[in-house]
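Only one chain is included here, represented as structure tokens and corresponding to the form predicted on its own.
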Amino acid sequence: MWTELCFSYLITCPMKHVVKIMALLVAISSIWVGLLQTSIIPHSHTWLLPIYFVVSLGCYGLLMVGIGLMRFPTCPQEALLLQQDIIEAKEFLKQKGIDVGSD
């Protein structure tokens, strides 16, 4: 039963995301082909639109990573718990006769 739930989750959730991405790519491609066939924008500019799109997507990705790093949460409670775990591990290793260095 548990494996069936995991398998159904793996099939349904990522597929929805893939369908959204594919729909977006088809829409963008159809707009680009439409611009190529009409003379609204000069052909020299229209051929460069995919390159502009990829560069814009890269800039957006870098911006999101930068914002995520700036807003990265600090967890003082977790830092204290980690310090306590380190102290307990050092004491445990000293009891076993292993030198863990000076504090």
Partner chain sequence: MGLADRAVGFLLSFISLSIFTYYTFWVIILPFVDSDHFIHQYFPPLEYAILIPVFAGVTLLFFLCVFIGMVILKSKKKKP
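Numbering follows the first chain given and starts at 1. Just so it is clear, the model here is predicted, and its values are computed rather than measured.
Form predicted together with its partner chain: not shown, discussed below.
- Heavy atoms of M70 reach within 4.5 Å of its partner chain in the predicted complex, making it an interface residue.
- Using a 4.5 Å cutoff between non-hydrogen atoms, H43 does not count as a contact of its partner chain in the predicted complex.
- In the predicted complex, its partner chain sits within 4.5 Å of a heavy atom of G66.
- At the 4.5 Å threshold, heavy atoms of Q37 stay clear of its partner chain in the predicted complex, well away from it.
- None of V33, C75, A27, L48 but one reaches within 4.5 angstroms of its partner chain in the predicted complex through a heavy atom, and that residue is L48.
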